[in-house]
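Below sits a lone chain in structure tokens, taken as the form predicted on its own.
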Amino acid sequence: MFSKATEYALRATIYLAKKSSPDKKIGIGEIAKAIDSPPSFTAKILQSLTKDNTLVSSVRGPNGGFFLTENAKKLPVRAILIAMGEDEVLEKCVLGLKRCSEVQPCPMHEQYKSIKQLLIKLFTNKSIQQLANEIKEGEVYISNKINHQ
């Protein structure tokens, strides 16, 4: 549904909401390992997410790293999609047709319309912190790695 970069952005932001604070910054290496993403790709994604420090904040230097403020944790998950330039994915035709509408529907329009509304509601009403709170070791995951504990 989303690009690989946006998938990693979602995972990284949720991880930061769970593990970071202005007093506890997380480095690229830890984030990349936790979300099963290449470190250089993770760095590039986090650079996009820190553009205006509204979503992800960062501090350079030996005690630096990435973190989410309390205000950022309250943002809807859709804020991550907006930061990654993929917010329109929720609004688009499932077949990618530019002219799909109620007047000129694609073959899947009627069936997908209610699903699309549920997705928009989910990404708009669920906060980043709510998703972070749902991470329970061994039950809910943000990585493809298998935990053998």
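Throughout, we count residues from 1 along the sequence that is shown. Source: prediction; values computed, not measured.
Beyond the structure shown, there is the form predicted in complex with the DNA, which is absent from this document and is the topic of what follows.
Of the candidates 50, 124, 101, 117, 50 is the one whose heavy atoms come within 4.5 Å of the DNA in the model of the complex; the others do not. Although the partner is absent from the chain shown here, none of 76, 79 and 109 has a heavy atom within 4.5 Å of the DNA in the model of the complex.
In the model of the complex, at least one heavy atom of residue 27 sits within 4.5 Å of the DNA. Interface residue remark: residue 69 is not counted as part of the site for the DNA in the model of the complex, having no heavy atom within 4.5 Å. The closest non-hydrogen atom of residue 54 lies beyond 4.5 Å of the DNA in the model of the complex. A residue is said to contact a partner when one of its heavy atoms sits within 4.5 Å of a partner heavy atom; residue 95 fails this definition for the DNA in the model of the complex, lying far away. Although the DNA is not shown here, in the model of the complex the stretch 1-20 places heavy atoms of 3, 4, 5, 8 within 4.5 Å of it, in sequence order.
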